[in-house]
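In what follows, one protein chain appears twice in different forms, each by itself as structure tokens: structure 1 and structure 2.
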Structure 1
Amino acid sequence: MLNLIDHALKSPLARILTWPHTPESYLEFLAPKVGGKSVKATVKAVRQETDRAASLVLAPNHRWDGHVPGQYVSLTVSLNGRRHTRCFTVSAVEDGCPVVTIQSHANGKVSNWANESVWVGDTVEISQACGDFVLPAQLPERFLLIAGGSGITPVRALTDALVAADYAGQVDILYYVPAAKDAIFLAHLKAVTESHPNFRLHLVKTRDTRSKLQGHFSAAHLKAIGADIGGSAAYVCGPAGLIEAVEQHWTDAGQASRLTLERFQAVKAPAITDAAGMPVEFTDSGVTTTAPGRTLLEAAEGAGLTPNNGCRQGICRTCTCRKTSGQVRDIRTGELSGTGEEDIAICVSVPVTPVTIEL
């Protein structure tokens, strides 16, 4: 039955009848629990972790394929009639249910919903899990896990996976927070280190001048905790400044290949000057528009289409579409694509020639 529904949703007739929306969005409206191709999940429990961070335990429907510790999902929630999608790491699993832990941002739409307005029983949509911030197949002798703020979410997932694997090597968790009250999962991480002496937690209270470890990331912190960057697999997730500093340090030490990083925010994109007014044809929808200096995602939305998207910054690949002709520029790197068929992330692509996109 569900295969038949999937088949019907993909038919050209369904696309025409439901334009400018998607067949999935109509099905969601009529039967929210059955849904389209994405995973529907009910918020089963909400737990405040800190003043600014809440964990949502999600009960997904049968479409959920599970995840590998360290991966994330794109979570979509409807607020005031508009759908908003953001990426969140699966920080833990409780009774088989994935948990996302969300720290609020000033004026942040989804993060403030999760901290202030979510109700147990709310329905959200999540993508299948994705991402490469995962443990290697062969575990090395040492791990150095560096996190800042909400960047602790995938670090907690990796920590729990190492505990579950009875990992006997050394694990150092270097966690940057303004003050101890801002440390998410502090009690959990302390419990891990108490029961597993090979796991050590080093809390850096960046704004606490009386703290032994204070200020932003520096080589002195690595020295103070006895880190061995040449002998450890290192992971970092957190604010852009922390990631840049750590990446620079590992690059200078010739150890960049030992560092795995996860960005929650995109690197600042250079201004694009050669994209003025290029025609874009979205072939599945039969829509042609121009994209004056805008990404293809913005051009599609401006034309009334509702493409899948998540991070909107070239990280999650949720918005990937097939380009069948034309050339685009990646706004993060300035690099030009080829002129033929290829998959592109439309949220970070601007056309520099006329392009056709399967959307």
Structure 2
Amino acid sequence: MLNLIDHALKSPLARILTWPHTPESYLEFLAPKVGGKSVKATVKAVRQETDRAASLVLAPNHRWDGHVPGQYVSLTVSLNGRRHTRCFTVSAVEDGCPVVTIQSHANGKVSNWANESVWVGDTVEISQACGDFVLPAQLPERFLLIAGGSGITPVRALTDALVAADYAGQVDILYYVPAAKDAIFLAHLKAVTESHPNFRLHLVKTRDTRSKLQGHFSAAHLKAIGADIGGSAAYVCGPAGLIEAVEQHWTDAGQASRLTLERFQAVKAPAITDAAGMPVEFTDSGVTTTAPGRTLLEAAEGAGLTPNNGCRQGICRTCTCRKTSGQVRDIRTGELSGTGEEDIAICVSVPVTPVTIEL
């Protein structure tokens, strides 16, 4: 029935009857959990994993296409009249519902909402699942899964997928936390390793000098757990420092191709050097502006436009717009785009030639 409604909303008659608005906007007003074009989800349950991390069980509407273990969604919530979007891994599935696990941090609007203010029954918006931090089609004989802090969320998803597949190879989980109390899913991971001897959990308490494994990532840790980086598929997710250290070690060892990364934070952006101020035309709004040294998102906001945006770091892709002409530079990597049509994240793009954007 809901798919028939979606089909009817696309009809020319529906467009005429609801002009100057859209059929989807009317349905969203009348039935917010169904209407609109996005995936709406109801918070079905809330579970506190640690003092700083909570899991939200989400019951999505009919538009949810499902996910592959290890993928993430962009979650959007309205707080004090403003929409905020952040990316979170689908850490598990409960009764067919995706679960996102969110660790709070200082000044984190969405993360603090999830740990302090969320209520069962709240409605949120999620994207379709995306990301390639997933298991390969052909499973190798060994896996090395490295996580730091909330980076354990996709690692848990991969671990559960391997368990469900009756994987018989060796799996080493190297998990970095300040102290044991900060370890998300610790009881779950211990239960997995107790019932499956081929899965081994190595908890590294970075601030506990009495722990056998302590401090931040090092080659000594790999040696201590008997890791074979040349014979294992390695996955790492966590703070930027952990990812950079692991990536450097694998590169130095000539094993970079065996490493899969998942970043929760954007790579530190270099200084914007394209300061000449190229003209930017936002074709849908009929606005042309220049914004020396600013991203296209900042240029749009400075011109009075209100484009969708979320993380403002190029991760959630909420701000993606169609570039129809011109060339831009990614401020995270310095990489130049092509000159033709393509979708770009305007929060991390600066123009290096005159640019036209569908906005």
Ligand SMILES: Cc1cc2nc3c(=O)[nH]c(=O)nc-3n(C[C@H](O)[C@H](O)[C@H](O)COP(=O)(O)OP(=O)(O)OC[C@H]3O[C@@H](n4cnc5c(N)ncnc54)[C@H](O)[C@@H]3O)c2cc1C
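Definition used throughout: the rigid core is the maximal C-alpha set that superposes within 1.5 Å between two forms. Note that the structure is a prediction, hence the values are computed from the model and not measured. Here, residue number means position along structure 1's sequence, counting from 1.
The form predicted alone appears here as structure 2; structure 1 is the other form of the chain. Taking the rigid core as fixed, one finds a CA shift for residue 331 smaller than 2 Å between the two structures. Residue 284: CA moves 2 Å or more between the two structures after rigid-core fitting. Core-aligned Cα shift between the two structures at residue 312: this is 2.9 Å.
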